[in-house]
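Encoded as structure tokens, the following chain is the form predicted alone, with no partner shown.
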């Protein structure tokens, strides 16, 4: 009996989730990753909605729970560090989810659970794709050539392979929001809460606990005239120093911490929109297909969900039916599209509404937060974290030796 072969480009959450399920379904799977080794670290992510349902099917919920950041909730502070409004963890999907984990920790949990048959190659990437007929031929930077039944691109929001294959079929919605992430030293003043500070000039400072004895920090500001992701690290850090020095609360601490941090990275938030996520024997998943950005939320949950749904429909394709994979890709897109459309639909005025320019605007935001943090309104406000939800039942996946 013929065995389908998949080549997956990208070894983060989306790629590893897809590899996990295709391997369980009996596919021959190879994963390639540009980085020279597995990438640990990263910022806090969470598992919500249908993503959590997938995690349970993987039997990995307990493993993720053991590695959570132990964050107790979200608190908004003023320039003196005083609480404006607090939102403790009250259900699985509030502002702070029950399952908060570092991106690298979540990816490693999946990596360690992969079927032994899956091959992962680091330090290699795609140079050329010949897409057509019943197979796809891929030329790699290493000089190797791979022939597969399906190429799955899970490279992230700035995927070059996606852009080369789909060309004009990729559009970008820039949100005008720059975010710098990094790890800084923990102090005695830090606790187990995610602390947010909003100030004038459309600026935010954020500090989050981790399970490593350090703090995951974020500096964010709106403005379409700057794109820090296009600058060198030194240039971007100089811009941050100019923008945030003297901004209040712990802004100076973060600026100084980033200067010596070895994992600072910059993002200019951009949603990815594609009219189709597949083309002949190539498909995309995760942020490469539908990046919702942290504002839309649930990127890691959608990566888990997308990997499962794609693999489930592919598992139903008969090995000797040349039209089976094409039909499976169509069903994958039909199932996932409403979930992604919902996640990418932002309320009018977002993100600028919560990034005020003036003192009066900051005062209005803080008043809103203070009111929203009380009683029933707190529950309502926490629903902002409800992502990766769907009324659809997960499709059945046909495993090699059993069924889920």
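Numbering follows the first chain given and starts at 1. These figures come from a predicted structure and were not determined experimentally.
FYI, the form predicted together with a small molecule isn't displayed, but the following is about it.
Engineer: Evaluate residue 125 for contact with the small molecule in the model of the complex, applying a 4.5 angstroms cut-off between non-hydrogen atoms, and reply yes or no.
Structural biologist: Yes, residue 125 lies within 4.5 Å of the small molecule in the model of the complex.
Engineer: So in the model of the complex, is the small molecule close enough to residue 42 to count as touching (4.5 Å, heavy atoms)?
Structural biologist: Contact check for residue 42: yes, within 4.5 Å of the small molecule in the model of the complex.
Engineer: Does the 4.5 Å heavy atom contact test between residue 265 and the small molecule in the model of the complex come out positive?
Structural biologist: Heavy-atom contact with the small molecule at 4.5 Å: present for residue 265.
Engineer: Could you tell me if residue 209 has a non-hydrogen atom within 4.5 Å of the small molecule in the model of the complex?
Structural biologist: Contact with the small molecule, no.
Engineer: Can you work out whether the small molecule is within 4.5 angstroms of a heavy atom in all three of 33, 103 and 161 in the model of the complex?
Structural biologist: Result yes, every residue of the spot touches the small molecule.
Engineer: Tell me the stretch among 344 to 352, 33 to 41, 365 to 373, 52 to 60 that has any heavy atom within 4.5 angstroms of the small molecule in the model of the complex.
Structural biologist: Result of the contact check: 33 to 41.
Engineer: Within 4.5 Å of the small molecule in the model of the complex, heavy atoms considered, which of 277, 181, 87, 308?
Structural biologist: Filtering the options by heavy-atom distance leaves 181.
Engineer: Just one of 324, 115, 248, 294 has a heavy atom within 4.5 Å of the small molecule in the model of the complex. Which one?
Structural biologist: None of the others qualify; the residue that does is 294.
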